[in-house]
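Take a look at this single chain in C-alpha cells; it is the form predicted alone.
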C-alpha cells in the first residue's frame, strides 16, 4: 500500500506536518477516538495499529462500517463520522496523526515542491480504500447469509493472489457477522452447513475452499 508521506524526506515531512497543523496521539485498545475529537473537517492517518468504524442504531445493533489498518486514512472527507451513531474503536494500541482538512489547500503548502507528491499519495490511498468499500457494498447486496459468506471467502482468496484457495480468516465470528451485517447465530449455522456440504474446510482460522 502507498504511504501518505512516501517519497517525501523526513525534513520535508516534518515541515509538511507543521503546515498542516498535524497532531499525533497514541491510544490503547478499545478506545473510541472520536469521543474527544472535533468531528468537523479533518483527515486521520493511522500510523500504527487498527481501528473499526462502527455504526450503532437506536436499538443498540452494531454494524462494522469499515476496518482500517496502518497506512490508511479516514475523516470527514471519507466517512460519515459526524453522525453521533458512529464510533471509531481501536482494536489494539494505535498511533494516529490528525490533519486539519482545510490546511491541505493552504497557500503556504501549495508553494512547496513536495505538496504534489503528498496530494498524489493521498489520492492513491483514497482510491485503494474506495475499491475496498465497493467490494464491501457488493457483499452486502447478496441476499442470503450463505451468498455473503461464499462471496467473502472468494474475495479473501483472490486477495491472497497465490491461487491456493487457502487463507487465514482475519476476523472473529462476531466481527465477521458484523462486517457482513448478518445474525451471528445464523452465520455460525451456515458455516457449519458449508463445512458439512464440502464447500469449505476450516482448521482454526485457516479456511480452505473446495468450490
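Treat the numbers as computed from the prediction; the structure is a model and nothing was measured. Numbering follows the first chain given and starts at 1.
Separately, the form predicted in complex with the DNA exists; it is not shown, and the next lines address it.
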Q) Does the 4.5 Å heavy atom contact test between residue 40 and the DNA in the model of the complex come out positive? A) no
Q. Though only this chain appears here, would residue 15 touch the DNA in the model of the complex if you measure heavy atom gaps against 4.5 Å?
A. no
Q | the DNA contact at residue 184 in the model of the complex, heavy atom, 4.5 Å | A | yes
Q. Looking at the partner-bound form in the model of the complex, is residue 29 within 4.5 Å of the DNA by any heavy atom?
A. yes
(Q) Exactly one residue in 144, 35, 158, 164 has a non-hydrogen atom within 4.5 Å of the DNA in the model of the complex; which is it? (A) 144
Q: Let me know the one among 62, 154, 48, 173 whose heavy atoms come within 4.5 Å of the DNA in the model of the complex, would you?
A: 173
